[in-house]
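First, one chain by itself: the form predicted alone, in structure tokens.
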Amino acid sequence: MKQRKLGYFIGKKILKLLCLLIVVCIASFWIVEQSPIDPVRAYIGEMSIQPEQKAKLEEYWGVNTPSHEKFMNWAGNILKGDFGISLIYRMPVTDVMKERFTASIILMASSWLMSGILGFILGIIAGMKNGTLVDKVIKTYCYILIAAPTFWLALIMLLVFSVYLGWFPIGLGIPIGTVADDVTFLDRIHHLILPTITLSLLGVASIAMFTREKLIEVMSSDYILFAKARGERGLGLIMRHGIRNVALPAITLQFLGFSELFGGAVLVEQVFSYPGIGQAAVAAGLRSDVPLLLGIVIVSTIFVFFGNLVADIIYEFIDPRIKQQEMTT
């Protein structure tokens, strides 16, 4: 019965993913088509070219091709696994996304882990110290993070730690003027630290506040009162009964934050000139690189869907209490 339920669950999710991809592709293609940016002019910049050369570029870009025909050609190639050629980088879109998405995955994964751990710890501390000065300081810190725009926070971090203090590079993923083969692991880590810290700060607030509220709720429950009556106190009580009951809901919320993580990564990569998928998406949008932009849209959609899928699996199968608590509230 459980295997049948799991099969139905996975089948339903796959169907939702297919429908989501179709809607996202159509909507994204239509939005790009409505853009006033001339891809030829965006590509050549201020250079002056002959009318014959411009006509060839327009043919190469498919400027005069009807929108529905361009979409059908593009969708047909996607079904064959061909995402096309990037008009900016002059290489297959899959190669561009593989290179850029690898860098973004490293950034987002390290930020995701850091924000989850730090947010969970702060939430536990605030829940334990409910109503005290420590709790108020943590809540104020979280409110400031929630209200702070991503690009503003990234600019402040860059200004303080790179420009004024000089502790970290101003940008990029490797040292300027260094051949890729000569870049060491420590060089890459040095360029990754500040963007990672900046991006992780954005996810701390939601996890911390959620963990705090859940811990306060758990600590006021009947079985905690019974544990206290048996003589359990302090950190031992929190470890045995509190953390075990708030960990899974916090992990679920962390997976649900994949969309915010990806959106934040786009802005952070742009501010720090980090060579990730976000910077490539901005460049593709500004220069009307339709194949690359739509390829990134598809990959990012699957990425966010995967995070939501993991959260749903935890929600549905691993800890059904989450569902029961929601039904009773």
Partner chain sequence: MSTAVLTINKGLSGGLNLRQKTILLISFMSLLLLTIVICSLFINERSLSTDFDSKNLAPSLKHPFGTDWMGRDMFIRTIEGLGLSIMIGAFASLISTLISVILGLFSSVGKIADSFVSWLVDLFLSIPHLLLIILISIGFGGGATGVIIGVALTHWPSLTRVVRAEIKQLKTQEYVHISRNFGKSRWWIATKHILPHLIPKFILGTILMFPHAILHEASITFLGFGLSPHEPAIGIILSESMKYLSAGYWWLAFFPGLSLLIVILAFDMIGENLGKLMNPKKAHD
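Numbering follows the first chain given and starts at 1. Just so we're on the same page, rigid core means the largest C-alpha set that superposes within 1.5 Å between forms. Given the structure is predicted, the values throughout are model-derived calculations rather than measurements.
What comes next is about the form predicted in complex with the partner chain, which does not appear here.
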Checklist outcome for this item: Counting only non-hydrogen atoms, the one stretch of 92-100, 79-87, 141-149, 109-117 within 4.5 angstroms of the partner chain in the predicted complex is 141-149
Checklist entry - Would residue 14 count as touching the partner chain in the predicted complex under a 4.5 Å heavy atom rule? => result no
Next on the checklist: I'd like to know if residue 133 sits close to the partner chain in the predicted complex, meaning any non-hydrogen atom pair within 4.5 angstroms.
Outcome noted: no
Next on the checklist: How about residue 53 - does it come within 4.5 Å of the partner chain in the predicted complex, if we only consider non-hydrogen atoms?
Outcome noted: no
Next on the checklist: Given that the partner chain is not shown alongside this chain, does residue 159 nevertheless sit within 4.5 Å of it in the predicted complex, heavy atom to heavy atom?
Outcome noted: yes
Checklist outcome for this item: Checked 155, 105, 189, 121 for heavy atoms within 4.5 Å of the partner chain in the predicted complex; positive is 155
Item to check | in the predicted complex, residues of 251-290 near the partner chain [heavy atom within 4.5 Å] | outcome: 259, 262, 263, 266, 267, 270, 271, 281, 282, 285, 286
Checklist entry - Under a superposition restricted to the rigid core, does residue 282 display a Cα displacement of 2 angstroms or more between this form and the one not shown? => result no
Checklist entry - Any CA movement of 2 Å or more for residue 28 between this form and the one not shown, core superposed? => result yes
